[in-house]
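First comes one chain, alone, set out as structure tokens in the form predicted alone.
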Amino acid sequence: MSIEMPVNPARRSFLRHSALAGGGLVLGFYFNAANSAGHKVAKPGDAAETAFRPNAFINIDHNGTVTLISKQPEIGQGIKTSLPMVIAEELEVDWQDVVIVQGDLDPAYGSQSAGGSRSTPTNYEEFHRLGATARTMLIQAAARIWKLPVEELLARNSAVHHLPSGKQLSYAKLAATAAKLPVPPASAVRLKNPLDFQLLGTRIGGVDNPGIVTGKPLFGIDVQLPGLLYATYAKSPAFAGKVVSANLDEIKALPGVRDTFIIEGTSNLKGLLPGVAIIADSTWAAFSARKRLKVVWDEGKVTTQSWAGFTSKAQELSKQPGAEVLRNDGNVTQALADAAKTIEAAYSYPFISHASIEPQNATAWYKDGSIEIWAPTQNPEAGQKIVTEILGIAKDKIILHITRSGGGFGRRLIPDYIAEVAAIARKVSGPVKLTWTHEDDLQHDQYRAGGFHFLRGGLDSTGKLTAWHNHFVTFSHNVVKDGKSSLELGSGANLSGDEFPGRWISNCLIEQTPLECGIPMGPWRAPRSNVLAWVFHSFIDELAHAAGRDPLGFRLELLGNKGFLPGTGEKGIPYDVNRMKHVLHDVAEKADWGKKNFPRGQGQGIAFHFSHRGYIAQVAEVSVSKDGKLKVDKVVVSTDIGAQIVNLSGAENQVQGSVVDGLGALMFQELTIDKGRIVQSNFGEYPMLRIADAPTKIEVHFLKTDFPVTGLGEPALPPLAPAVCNAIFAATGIRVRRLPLLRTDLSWS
């Protein structure tokens, strides 16, 4: 297996665009000869008549090398490996013959955004058809050469075989003939029976792994071009502040500095913010000069905003009717009044950062009215769109190369750093790389929104939940459209009345009230679900214990027998109650739920959540010392993400990573907002999870079901926080209602 990456245009050759007769798709991609690991790289015109290119994603050359395009951005979720595996399975190609190439932004590939765990479900079936179509054409080519019926032939191990005679032809020898055939209709293409899969469901290492561990240039921050200059961009400490003045002449005179200038920008928090660019001969020179930069900022009204102020206002608003009613079933007021027992609780969580290891960066080269960009982006289409708006140039004048991202988690869906490098490149002669510092990343992120939930629940004399009231105080931006101002909820800051347990309780009132703020908000891994699961399943646990009920049985009773519920709040994705009950029963069995006698200070907690089409349940086992030190001893995860695990190694990695990521956010992560800015500046003030705090054991179980395949990068994260917090309560009797955990004293006696 070798890996290709488009980095250096001086060492890059272009495989010409070609459209095959019979409806073949257009192919356009780059090779980097320096990283070909011994494989010959095609040049324009090479083997023009012998290469087999049935669609935009497959190329088989006359040497037998099979090149597969990975069109989705690779951000650590393993998609660069798993999606080509789907094609390779149907193509019946030896995985060792495969070369994976990261596709640039190209309309021939369709949507190329990586977010919402959509890459697998939106491409899985189509990629099966792509591979099967190519296999069919190769079999047809062999049938033509041998003058045999296609029904007598089969493909396997990168060759077509005629079993009765023992004859075989390699794909290399069939490529030229197959290239001349028309693309067959769908009716002539048969997909493999999943029972016959040889590659899917096995453990395949990430195609970039060798390059990562040996330090090869794979990431955006690694891009090098001839004559490259380096840039940094200083923005207002308070969000969307404008530049009044800066000591530009002093900065220009510093060693290694080529230029410095002000960019006016806009007030759009997801667009091009105003700032000062410094261009230098090295990143070090740019960063050093920035320390001498003195800017007078017009910080605007955002300086009146603080987390303390938001908290106080939320408490005030909680005593008033909600601004919007999301669900109002039955009569909650009467049901609470009639309840044998009523429980009230307030839950809150802070703004947090994505905290990617690789800071935001991008490289751009503007010349002759066109621009070429190299960026670690999750959403190249959004990057292209914002560049057209900033530079006023057509899409076909923009070439955008997608590099590997050193962490995304939703952050790189927002193209603000691409907007900045494009604006800078227009003023620079030659290529320029913009690199953010970690301070920039922490203080100018697109944050996971904070929130406040004020909850009431009513139980009848049998311990059944009869009433649920949630007043959610959330955050919004003031948006001006067509001269009219309105509040628009921040990304991930909304709630649906369909969220569990909304539709499961006959007396249910869910309200939502927005707080205006100037803090940028963006999708953070498993948007909404990453906090809503903690709030709802923690409070459900409170109600179960108040009722004297087993938390598992209480949840199963709540789920009931509703079967298939259409139109959930997650973009209309249906909710299958039976699938959720299945994972709940499975995780309880695998974790020996209720069968262990824990001493004081140890306990189990359970939670589940449906998000991004995935059904996930988790049981956490924890130990809490008398002085309040927490150790997560074990997490058991049961998942239902459909009929097929594509790459078992990658799938386990995604679940384990979700557990660790979710635990880090639960335990430590918190941003302080004061005077319209983030107080914390780097990892020293924003602690992340260390190895010693990670769970001792993470046990992952996949339930294969007869449902469409879905993604896994996000749905395994949400249940972790409530499972751990519920286990803490079981161990100590202490209920965690504020995040992060470090804000709660867990000591007990």
Partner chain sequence: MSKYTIKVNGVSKTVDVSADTPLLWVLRDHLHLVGTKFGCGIGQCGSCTVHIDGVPTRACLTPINDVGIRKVTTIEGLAFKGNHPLQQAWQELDVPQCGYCQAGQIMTAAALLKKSPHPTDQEIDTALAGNLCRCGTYLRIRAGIHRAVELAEQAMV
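Numbering follows the first chain given and starts at 1. What you see is a predicted model, and the numbers here were worked out from it, not measured in a lab.
Beyond what is shown, the protein has a form predicted together with its partner chain; the following relates to that form.
Though its partner chain is absent from this view, in the predicted complex it lies within 4.5 Å of a heavy atom of just one residue from Y575, F454, Y349, W524, which is W524. Residue F409 is the only one of Y233, Y447, F409, F608 with a heavy atom lying within 4.5 Å of its partner chain in the predicted complex. Although the partner is absent from this view, V480 stays clear of its partner chain in the predicted complex, with no non-hydrogen atom inside 4.5 angstroms. Taking the partner from elsewhere, F683 is found to have a heavy atom lying within 4.5 Å of its partner chain in the predicted complex. Mapping the unseen interface onto this chain, S405 counts among the residues with a heavy atom inside 4.5 Å of its partner chain in the predicted complex.
Heavy atoms of Y417 never reach within 4.5 Å of its partner chain in the predicted complex, leaving it off the interface. Candidate site formed by T437, Q654 and V660: every one of these residues places a non-hydrogen atom within 4.5 angstroms of its partner chain in the predicted complex. The stretch from 337 to 345, 283 to 291, 120 to 128, 542 to 550 that comes within 4.5 Å of its partner chain in the predicted complex, counting heavy atoms only, is 283 to 291.
Taking its partner chain as it sits in the predicted complex, the stretch 177 to 214 comes within 4.5 angstroms of it through a non-hydrogen atom at R203, I204, G205, G206, N209, P210, I212, V213, T214.
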